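Below you'll find only one chain, the form predicted on its own, shown as structure tokens.
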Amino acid sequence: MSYPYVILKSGRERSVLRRHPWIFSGAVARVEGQPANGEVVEVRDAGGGWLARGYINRHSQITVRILTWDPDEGIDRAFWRRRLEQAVASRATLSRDPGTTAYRLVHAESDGLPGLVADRYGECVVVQFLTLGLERWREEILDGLADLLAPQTIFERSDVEVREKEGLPPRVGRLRGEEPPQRLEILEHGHRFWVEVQTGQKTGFYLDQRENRARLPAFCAEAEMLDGFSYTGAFGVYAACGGAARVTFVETSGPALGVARQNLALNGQRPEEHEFVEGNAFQVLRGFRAEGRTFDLIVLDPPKFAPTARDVRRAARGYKDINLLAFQLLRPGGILFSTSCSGAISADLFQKILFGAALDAGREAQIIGYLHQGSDHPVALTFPEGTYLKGLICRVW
């Protein structure tokens, strides 16, 4: 099959040869063949040499997202099926774990499926179609997921800002199978959680923190813990089940705190033995500091402060402020789990931010561990932008 093609400017083919999946608008010299936005195109260097094949969208700063570097691989129903099979097979160990029923199935570019996210919550699969190019292959992708996984439900949560940049409206709703319940139960390392896939944050749960949460109980025995930005309380539940004497959940959303209470009870804990504070974490922690309260363990899992590179300076101030408060609230020998999900904040910069916060707080701190997104959120070696979640475990004196 012949495709329209994109000609790159001289010297701009290097990233494609290194198998980076994005071609930005500034690298494109011209487009031949008048392809519609979302259509598959070939990518050629300035001399006309074949480089790759992907889909185009002139509405987006990322003009082409590459699908294959194999000249013999066409983009058809079989292509999407092969890529989905590979992604599902790479999670086989998770799929066989009876203690974990929720995890990421497809992680976009790093699974060779740019623009597609799919998360499994038991018998429900939640998908996000993030780009116009994926929209053109919706039915083929849904057919593949249905055939490979046979879920009771495939539900769409394409209500994210990136779709606006692609010229797409938000979309939410059932795509295949039964309407999902308002709330469903999942297992993670044997812990039980309620998840609201129709209305919850992201696709319903912060699946990328699964492996980080599993590290928390080692620090929890008899600890007084503060779970900052707790959402529905996953870190706090791990802590309570791991022997924490008392967990203080801090969250702006009252309904999310209500689910956190229920998640504690779901795991055999007594919610009345813990504390639930509705409010802005920055203000709440300042209030705790004024009261002279201290904790043995603090977890900070804030939302994305830096959506783009333009937001880095402002975000750095926010991360420093909240971590400064945490350093001031920890008892000597206390433990800080601090993370950032802002892709524009590098791990090196995040460590420097925490260094500055500890210095300003007058505290000594040791790094005793590094935190990352889970293995079901892989990072292709050719696509470092796939690394977005980073964090540190610090002992504070």
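For every residue, the number given is its place in the sequence shown, counted from 1. Owing to the predicted nature of the structure, the values given are computational and were not obtained by experimental measurement.
What comes next is about the form predicted in complex with a small molecule, which does not appear here.
Engineer: Test of understanding: in the model of the complex, would Asn280 fall inside 4.5 Å of the small molecule by heavy atoms?
Structural biologist: Because a heavy atom of Asn280 falls inside 4.5 Å of the small molecule in the model of the complex, the answer is yes.
Engineer: Verify the contact flag for His107: yes if a non-hydrogen atom of it lies within 4.5 Å of a non-hydrogen atom of the small molecule in the model of the complex, no if not.
Structural biologist: Because no heavy atom of His107 falls inside 4.5 Å of the small molecule in the model of the complex, the answer is no.
Engineer: May I ask you to state whether Phe79 is within 4.5 Å of the small molecule in the model of the complex, using heavy atom distances?
Structural biologist: Although the small molecule is absent here, Phe79 would stay clear of it in the model of the complex, with no heavy atoms inside 4.5 Å.
Engineer: Would Asp119 show up as a contact with the small molecule in the model of the complex if we use heavy atoms at 4.5 Å?
Structural biologist: It does not: once the small molecule is placed as it appears in the model of the complex, Asp119 has no heavy atom within 4.5 Å of it.
Engineer: Which one, 150-158, 297-305, 122-130, 265-273, holds residues whose non-hydrogen atoms are within 4.5 Å of the small molecule in the model of the complex?
Structural biologist: Only one stretch passes the 4.5 Å heavy-atom test: 297-305.
Engineer: Within 4.5 Å of the small molecule in the model of the complex, do we find a heavy atom from each of Trp22, Glu42 and Ile56?
Structural biologist: No.
Engineer: Exactly one residue in Ser90, Ser253, Ser95, Gln198 has a non-hydrogen atom within 4.5 Å of the small molecule in the model of the complex; which is it?
Structural biologist: Filtering the options by heavy-atom distance leaves Ser253.
Engineer: With the small molecule left out of view, which of Tyr319, Tyr103, Phe327, Tyr231 would have a heavy atom within 4.5 Å of it in the model of the complex?
Structural biologist: Comparing distances to the small molecule in the model of the complex, the residue within 4.5 Å is Tyr231.
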